[in-house]
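Shown next as structure tokens: one chain only, the form predicted on its own.
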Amino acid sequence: MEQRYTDKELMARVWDVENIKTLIHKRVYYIADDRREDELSDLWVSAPENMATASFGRNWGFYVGMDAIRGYYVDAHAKRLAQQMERTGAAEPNVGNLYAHPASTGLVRLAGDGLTAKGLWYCIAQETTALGDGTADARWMLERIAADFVKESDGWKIWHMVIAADLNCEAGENYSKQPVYVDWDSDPVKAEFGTPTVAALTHDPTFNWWDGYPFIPEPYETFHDSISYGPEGFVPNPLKGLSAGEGRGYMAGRHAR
């Protein structure tokens, strides 16, 4: 079988994959230190054409463009921290808060042309937020982290990212006792996400992760919108679980009656 790449090219591709993994692993420590602005400045795209199409998604849609992402991820977060300081009387932000979002089981697919890459990780996370009465809200969060990467002049950068929650529950509570249909009107993670640029139910964990999003990246030659982890690549799955009536989209109408 003819070898497609030279040994030198293969070594470069291995090094590219390692640099992409480093991006995600570095992000873990930025989150732990609540360095959100540094994350966007250091790890995300900076070329104007990529900044315009960058996206940050969660279960309920996507923020599109670096300005919108910064507004959600940095500015709105800073306002919440300021409000928390008022409630708790803390002298500085993040007193009593704890963020841990380790990324594991990474699967990286480098494009055949070497210009982009896709990756998927799993995260067993926890966040603790100090409350005004001296207690704290501590939560377990199980998440899939999916990202598209693009190689810019100064190296690999995050271009599109989706963090899809599989589980979000208060620490110490019996998860099996929680209602099947979570009340998203009072869900703190959804409230934190705000109003995205593109609203869409991307991932509904009801009935054991029925929609399979974000999808596992497969080998590919060159990037195109249909495989993007941005909103242009999201396609709702209309069939999986339909026969069992699974999924909030199918059951919401019945609950409304």
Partner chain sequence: MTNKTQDLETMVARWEDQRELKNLMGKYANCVVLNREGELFDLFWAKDDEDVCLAFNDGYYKGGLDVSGYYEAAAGRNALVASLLRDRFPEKLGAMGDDEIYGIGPFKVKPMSCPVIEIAGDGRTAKGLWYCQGASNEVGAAGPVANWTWGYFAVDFVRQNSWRILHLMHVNDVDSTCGQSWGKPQVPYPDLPEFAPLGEFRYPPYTKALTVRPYYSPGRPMVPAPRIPQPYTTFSETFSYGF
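Residue numbers count along the first chain shown, from 1. Just so it is clear, the model here is predicted, and its values are computed rather than measured.
Unshown form predicted together with its partner chain; subsequent notes refer to it.
None of 115, 136, 85, 78 but one reaches within 4.5 angstroms of its partner chain in the model of the complex through a heavy atom, and that residue is 136. In the model of the complex, no residue of the candidate spot (58, 64 and 187) has a heavy atom lying within 4.5 Å of its partner chain. For its partner chain in the model of the complex, the listed stretch (228 to 236, 28 to 36, 44 to 52, 193 to 201) containing residues with heavy atoms inside 4.5 Å is 28 to 36.
Its partner chain is not drawn, but in the model of the complex it has a heavy atom within 4.5 Å of residue 95. Its partner chain in the model of the complex comes within 4.5 Å of a heavy atom belonging to residue 172. The closest non-hydrogen atom of residue 124 lies within 4.5 Å of its partner chain in the model of the complex. Within 4.5 Å of any heavy atom of its partner chain in the model of the complex lies no heavy atom of residue 111.
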